[in-house]
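Okay, here we've got a single chain as structure tokens, the form predicted alone, with questions on binding and movement later.
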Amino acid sequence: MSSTAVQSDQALAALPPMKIFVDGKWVESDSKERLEVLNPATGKLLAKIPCASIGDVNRAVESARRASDDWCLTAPFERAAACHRIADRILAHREELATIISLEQGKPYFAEALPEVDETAENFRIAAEDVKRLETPIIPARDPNKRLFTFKVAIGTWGIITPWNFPTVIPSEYFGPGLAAGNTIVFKPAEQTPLSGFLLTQCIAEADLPPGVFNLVSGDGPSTGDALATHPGVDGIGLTGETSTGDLIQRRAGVKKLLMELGGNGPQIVLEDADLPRAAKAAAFGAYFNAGQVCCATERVLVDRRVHKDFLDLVVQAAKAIRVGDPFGREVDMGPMNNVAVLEKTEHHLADAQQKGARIVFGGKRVSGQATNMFFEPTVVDNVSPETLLNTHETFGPVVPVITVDQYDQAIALANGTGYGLQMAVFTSDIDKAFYFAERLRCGNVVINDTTDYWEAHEPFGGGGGTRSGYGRLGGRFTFDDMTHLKTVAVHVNPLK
């Protein structure tokens, strides 16, 4: 047996039972329906998980609500200590977690899965320290006999629904601040990558939180996810996912607090004075990291016509250097795409672009000779027109679409014209131009002279106002603003009046 097979077997053996987690215990689901979890690199069956019923969701929410009052009144420093214990348990299971991520998601073990686990633990540590400094203002009162205090208070019970592209780090962006702030949680992981969620939940269970503070219900979106989003006992919904999913949940959830990080489509803008080798390297990284299956991926590149040819040559060189293969290969840069739907969408967007005059310069098809047909070539497309799906939609595949522009305002109009507004990047050597673009791009985050895939765990990340990329902020202390409410207390302090 190969060392990879041994590693995989050990990680699978470390998984908890394929049950739901309610009130501090792994318990059987009411549902007899099971969902298959497949390895996209090999096609092999990894496990079968419960598709939790409405009754299961009811039990999980009731458990979370029972725990809510005591947990929100627990001292913040005690909740911080619990988050540090969770981080400790995540790092104790570091290799098993990373192996499970690679097995079910497909991302390279060394280049991407291990760093994802490390960032997952870091998100809990950041939350643990941030909750200790949740200062709020004391407000001067008009009445001289009053004192006005404010406090950040937990909202209550949250339903957290997360995607398959980052199956531990995205959940932790909600779990760390949510738990540290005193909320209780019911978690539904993506049906394509639930095993990472199961093992992450086991780490949380090992950290000895009170029963009911954290719960897991596995299943699909239309049944389990909908039951969680519409449940009257859920006070808030946290979602990272497609814009269409966010739109549906917003309509279904009713009067709940919503924190949503939704789709994006770049772009990266390359001006005539850009450092072209740096810009090309950044575009390739942004498009091929996690096989392009990232909300802030380099979905399109808007290049000044004066440097178009030189940039194109450089980005093709970068694409040719990407090594595609077995996620457990030490030198592999890019593994398979995760599921058939996203693969076929990528192919559809490329076909649409070609029909509208675009030219595939490199790649453009599935990789032959692999165990499955889920591997796709790093791709570069030139002469992409604004009417193409590559420009107007989120492709979510390993593609660099190049669009030529002649004027700054044209680039800004194209960048803002799709309705998405998550993260954009600008390459220029002129600080005036950098600010000119940063102040006019309609998005939540702008990166100057680096990839659209750049982020740090403690920075605020989320969609720009008036866009289809969501609202609220994930990252560091800023998430506390969305997962708490501000309570005001007025105190009468003069016993004589």
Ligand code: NAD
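Quantities reported herein were computed from a predicted structural model and do not represent experimental measurements. For every residue, the number given is its place in the sequence shown, counted from 1.
One more form of this protein, predicted in complex with the named molecule, exists but is not displayed; see below.
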Would you confirm whether the three residues K188, P222 and L262 all fall within 4.5 Å of the named molecule in the predicted complex, going by non-hydrogen atoms?
yes
Considering the named molecule in the predicted complex, which of L195, A154, V405, I249 comes within 4.5 Å of it through any heavy atom?
I249
In the predicted complex, the residue from G241, G212, G236, G364 with a non-hydrogen atom within 4.5 Å of the named molecule is G241
Of these, 269 to 277, 214 to 222, 76 to 84, 105 to 113, which stretch puts a heavy atom within 4.5 angstroms of the named molecule in the predicted complex?
214 to 222
Residue-level question: is G397 within 4.5 Å of the named molecule in the predicted complex, judged on heavy atoms?
no
Please run the contact check for N165 against the named molecule in the predicted complex: heavy atoms, 4.5 angstroms, yes or no?
yes
With the cut-off set at 4.5 Å between non-hydrogen atoms, does A319 touch the named molecule in the predicted complex?
no
Examine V380 and determine whether its closest non-hydrogen atom to the named molecule in the predicted complex is within 4.5 angstroms.
no
